[in-house]
Each structure stands twice: as C-alpha cells, then as structure tokens.
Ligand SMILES: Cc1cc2nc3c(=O)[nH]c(=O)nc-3n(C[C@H](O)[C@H](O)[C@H](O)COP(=O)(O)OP(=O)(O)OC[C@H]3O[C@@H](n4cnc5c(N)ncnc54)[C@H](O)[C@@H]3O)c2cc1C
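A single chain comes next, written as structure tokens; it is the form predicted on its own.
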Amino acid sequence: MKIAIIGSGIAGLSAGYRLCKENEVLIFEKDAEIGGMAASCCQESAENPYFIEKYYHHIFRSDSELLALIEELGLERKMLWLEGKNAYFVDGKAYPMNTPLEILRFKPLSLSDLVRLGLMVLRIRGIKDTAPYDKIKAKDWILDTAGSNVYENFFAPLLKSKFGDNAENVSAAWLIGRVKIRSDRGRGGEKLGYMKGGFNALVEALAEEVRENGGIIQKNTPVSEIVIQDNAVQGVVANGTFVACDAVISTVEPGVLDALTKGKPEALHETLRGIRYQGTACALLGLDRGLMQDGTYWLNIKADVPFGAVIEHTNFLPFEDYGEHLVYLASYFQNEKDPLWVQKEEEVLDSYLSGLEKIFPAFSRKEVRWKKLFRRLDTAPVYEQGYLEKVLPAAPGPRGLYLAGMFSPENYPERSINGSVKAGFECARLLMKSFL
C-alpha cells in the first residue's frame, strides 16, 4: 500500500516508522529540515559543533509512549534525568518555586492564599477525567476553587503570557492537564528528561528507520492539495506534481488542511474553520556568561516585557556539553497582525534583549555571542472552553484520510511530544485496520 504523509514532525515520523516495514511510505516536508516543532539547528561556530532544538523541549516521566519509543530505537542510553529548577519573576524579584518551603515564601500570595493553592493542586492530582472540565473556563474554576488573589497574582499572568487575549477563554481541562503534568515532583523539585545530544537524535533515528525500510523523505517539497473524489483519497499534489496513493496522513494545522482539502467534505471544513491556533516567537541566544546564576532553568515572568518565559538550557544540561550558555526567550501571539509576527527578525530580537536588560540589570548585550529567532504562525491550538467538541478524530470521514497533530485527542488537554507520538501511532493503527 502506498501512503503519503504530510509533515515530518514527530507525529508524521512516528506514523511513518510504524508503517514503513509493510508499506510504501512517502513523507513530504515543506521545510529544508525535518522534525517540525522538534527540529534542531547545528551550531557550527562553537568549538565543538552541537545540535540544539529551535524550540525548547524536555521529557516527563509520564511520557510512557515516548520513552518506550526511545528504548525501541536503542536510544535509552542517551536518556538523562536532571533537575529543572523553576522560578516566578514578580514585582522585580525572582521567587524559586521548587519545594514546598520555597513556595511558602512567594510573597505575592498570603499564607491563606498559598493554602488554597496547595489544596487546589491536591484536588487536581485526584482528577482522573478532565472531560467534565472542558466546558468550564479556567478563570472561573480557579476563582471558585482558590479565590481571586490566587487567580490575579499567580495564574492570570501565566495564562496571559501563554494565550494572550484568549487567556480568559481557556478551558479548565487544559489547566488541570497542565498542572498535573508539572506537579509530579519530589522534595528536591522536578526531575525532567532529556537526551544527550538533544531531540535531533530521536528525529534522525526515526528518519533512518523509515529510509532503511524503503521509505522516502522529501524535504523542500510542499503539498498544495489532497485530492479527494467520491469521498475517498486519490493522492496528493506535491511541488506541482500529482502523486497517487492509497492513503494520506496529514499532520498540518487545521487551517492548512482546510486549504489542502479544498473544503471537502463540508462537515470537515466547518470543523477545521472552528479551531483557533496561536503562533510562537522563540529566540535562542548563545551567551558568554550564564543569565540566572542561582541555577534556575525555567523562569515564568510577570513584567512588561515582550516574552513570557526565560528558559536557560545550560542551567538544565551541563555547560560543558555546549561550551557556551544557551537561553531561550519565548512568547506566544494570537494572530498574523501581531508585532511578533510582522516585525523584522532584528526588531523582535532587539525588543527581547531590551526586555532582558530590564529584568536582569547585570546583563550586557556584549555577552551575546549569537542570536536566532524562530517563528511559526500556527504552533498549537488555543484550548478554549468547549474545545473537546472540536478535537479532530484520526479518521475524519473520507476513506484513506487520517489526521495526526497538535489538534489530535492525544494532545488534549495538554500537548506534548508524547502526545504526538501517540497520535502518529494511532493513525498508523487505524489505517492498517481499515485496509485489512
């Protein structure tokens, strides 16, 4: 059976990996490199060149499918479990947020507020099914559960930095999923996983398996149409050439998929139009000196700066692995008119560096060895109230069409690389089952 996969992100590569041994697999990637949101760049100017992700990533202990895949590919020897220290920058001060004692010292919340926050986290840990919370707004649920001070002084800035103008529409199901995945920590704080050499090792291992089993990965090859006739897939148009196939797995964003399918069928068209996505503008800096000397890996921010988080990669991974300090500055935007999307790269980077100077008075631009900006207009869905009704199934209707991506059930209520692996595997399973 001939199968076309649109997109070489983790979902597309995982599906191709599962299918390539018994089928003819063609993966089409519009970009010059594979990996999608998990793609890496090679920093060749370093004394010892290395790969680093364009967008920060790590692994949770609950990522069972991803960890099983890493073991299956023989990469388990590369796995590291390291402490990832967190802090919250509020009112000009960074508060460590790793242990119960540190959290008790978070001055923006009173002792009674902290008790309410703790009880809320305990309640969340006991929730098994998040579906009933999908139709409840996170804001309303926080206010009812922990009160206005906890919402205004703790959650509201985080939601604002993550979802912008859509912050008040986000579902409680997303919030619960997010807290559950981030609250699994011991007395010393949170342990996170990472692979020696980065996620490039996973991306390349999956691609190698596909190629060794006869699959083809075509880079710089955009797909302009998924041809559907009589409610069945006929093939795709890639780089202007029609390629006939028995099935198509699409991992592209809903808006792009809607354009590729030319509004067919109408029911799918209406669903795709109802899913809102947001973009990401992520800067990656190489520095002479570490930014957060206390060892903080992840700093959430409540301040008038153009980014919502500072992630110091080399406060998580050893500096010796890179020979320079690596820092991500991350922000989300909600539409294509946002300055983070329309401004020139240098303008965005300049605004980010100005923000760093504001938060870290000791920081100097002279310490910046190099800087890069990575932007995507459609990074992930806005998980707004009632999103569960919009979640796209793996098999949406037309025979031979399958979907896997950030919009998949496996990535709700919280998106992750693990969810993308699961979505890719589920598409492969359903495809093989339907064509038996």
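For every residue, the number given is its place in the sequence shown, counted from 1. Everything numeric here is computed off the predicted structure, so don't read it as measured data.
Omitted from view is the form predicted in complex with the ligand, to which the following refers.
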*asked:* I'd like to know if Phe28 sits close to the ligand in the predicted bound form, meaning any non-hydrogen atom pair within 4.5 angstroms.
replied: yes
*Would Leu431 count as touching the ligand in the predicted bound form under a 4.5 Å heavy atom rule?*
no
*Examine Lys390 and determine whether its closest non-hydrogen atom to the ligand in the predicted bound form is within 4.5 angstroms.*
no
*Do Gly400 and the ligand come within 4.5 Å of each other in the predicted bound form, heavy atoms counted?*
no
*the ligand in the predicted bound form: within 4.5 Å of a heavy atom of each of Ala11, Gly36 and Tyr55?*
yes
*Could you work out which of Trp174, Phe154, Tyr332, Tyr352 is the residue within 4.5 angstroms of the ligand in the predicted bound form, going by heavy atoms?*
Tyr332
*Could you spot which one of Gly84, Gly147, Pro306, Pro222 gets a heavy atom to within 4.5 Å of the ligand in the predicted bound form?*
Pro222
*Could you tell me which stretch in 207-215, 70-78, 244-252, 85-93 has residues with non-hydrogen atoms within 4.5 Å of the ligand in the predicted bound form?*
244-252
